[in-house]
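In the structure tokens that follow, a single protein chain appears in two forms: structure 1, then structure 2.
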Structure 1
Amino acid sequence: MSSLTKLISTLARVSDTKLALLNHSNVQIISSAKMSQYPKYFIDPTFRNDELNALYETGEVKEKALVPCRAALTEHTSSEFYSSFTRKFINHVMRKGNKQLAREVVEKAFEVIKKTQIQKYHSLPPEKKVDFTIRDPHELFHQAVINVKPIMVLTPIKRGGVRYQVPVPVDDLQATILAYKWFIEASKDKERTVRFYNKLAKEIMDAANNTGRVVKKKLDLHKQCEANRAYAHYRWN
């Protein structure tokens, strides 16, 4: 019993010492650095054909030829269908680390978009086919995200015991993430008989034409920000 008492008293002294060190003004907390298996002088790989051609045209390829580079990721490819913009959306669609399933779902949605455009083209009369353009699904998705991205959002700020919804501007990265989130939420809100990629394809085509539920959600958010503009000064107080 005496040994247990000594152990408890020792732990208490150690915890008191740690608290004293943390409360001391001269103590500096060292943040953990991001670890990598490659040294700092390793450069990122260049795998896109247009980027490689640009290096050859500018002559930078001679400078980077002998510089060691990191290994390319498994998803990096020189295919013309590769899009970093779409790859980020696939990462948001992914659940429980199943990236292959997320990639298949997005590719099926793009396939549905392409088939829908072709069917619409063949259903038009000959005089209207001249003005109809079949667009690349990747470009269509990029245009849809641009139409959906908000410029203002509401953030809760507490003043005088009351929490106000204050409109604040949003940067491009956060706006893109919100657009991805709204597309996924709108695609999940469906009937059980409708597949996720079919609903996603419909939402992308509607948003590319500046219509649909996702665009309406952005407009409703902007209306709320306009209604709460009287609280905008709480950002700086």
Structure 2
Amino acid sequence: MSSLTKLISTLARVSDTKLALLNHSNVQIISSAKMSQYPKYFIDPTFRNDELNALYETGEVKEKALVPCRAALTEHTSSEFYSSFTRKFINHVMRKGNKQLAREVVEKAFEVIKKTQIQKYHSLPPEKKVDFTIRDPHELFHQAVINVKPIMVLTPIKRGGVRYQVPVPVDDLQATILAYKWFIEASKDKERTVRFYNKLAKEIMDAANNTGRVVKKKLDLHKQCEANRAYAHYRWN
């Protein structure tokens, strides 16, 4: 067993919370009721056609109709092309409330990803075309985020007047948010003439292949956590 997995299992054994550490499951972006204008008993809106139809079929509609419901956000559409995963990322890309620009930029990045794949595909001779699959950019992005999510991060903990960088497990949601942040940072770090969406597309394609800058950042962070394993007990002390 590698030293990294040993560290993880140690943390898991001692920690109370269950960590979905080694199986990187699909992210469930649940609407967090931690800080909300709505009281806790308010339910989330159902806006997908298939979910709505299911409610009508089972008869759950009658119960749900009586419960107060939160307002649907503008991005909650019943569009065939809705992706809850991507829309969360678009929110993180957005600056100064300019959702339209954020969406355009992310969609442009997906277009670039698609174009590079299609161009490669059409350059191939017909025998090799059968084996080449063009992956949906949304799927690629999903895979990229999974590859980039860290399992542990370093947090500063003050003990005896000294701040130590302590390795601490990070839950799924926080890990995803970190992954989004790293993608955006990596895409911004570029020459003036390079477009953000071109850089973002490149970073996503690299990360989906488990290479590139963003994955390296995650691995460096894990190495540092490894290096600071001696301070792990400061988490509880």
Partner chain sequence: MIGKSVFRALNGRQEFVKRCSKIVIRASSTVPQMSLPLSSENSNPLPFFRSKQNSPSLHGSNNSGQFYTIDPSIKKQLFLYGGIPKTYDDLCKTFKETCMMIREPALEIMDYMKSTNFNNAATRYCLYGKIGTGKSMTMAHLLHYGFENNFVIVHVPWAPYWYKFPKEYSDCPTKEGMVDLPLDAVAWLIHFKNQNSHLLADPKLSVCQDWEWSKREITKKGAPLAEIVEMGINRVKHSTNCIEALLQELKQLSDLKRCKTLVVIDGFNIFFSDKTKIKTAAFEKIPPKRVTITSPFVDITKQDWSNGAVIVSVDDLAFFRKDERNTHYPRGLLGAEGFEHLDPFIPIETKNYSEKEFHYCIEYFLDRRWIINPHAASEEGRKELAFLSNCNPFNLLKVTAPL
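Since this is a predicted model, take the numbers as computed values, not measurements. Heads up, when I say rigid core I mean the largest set of C-alphas that superpose within 1.5 Å between the two forms. Along the sequence of structure 1, residues get numbers from 1 upward.
- The chain as displayed in structure 1 is taken from the form predicted on its own.
- Treating the motion between structure 1 and structure 2 as two rigid pieces, L52 does not share its piece with A109.
- A rigid-body turn of 27° separates the smaller part from the larger between structure 1 and structure 2.
- Core-based alignment between structure 1 and structure 2 gives a C-alpha movement of 8.2 Å at L66.
- Taking the core as the reference frame, the CA atom of S123 shifts 2.6 angstrom between structure 1 and structure 2.
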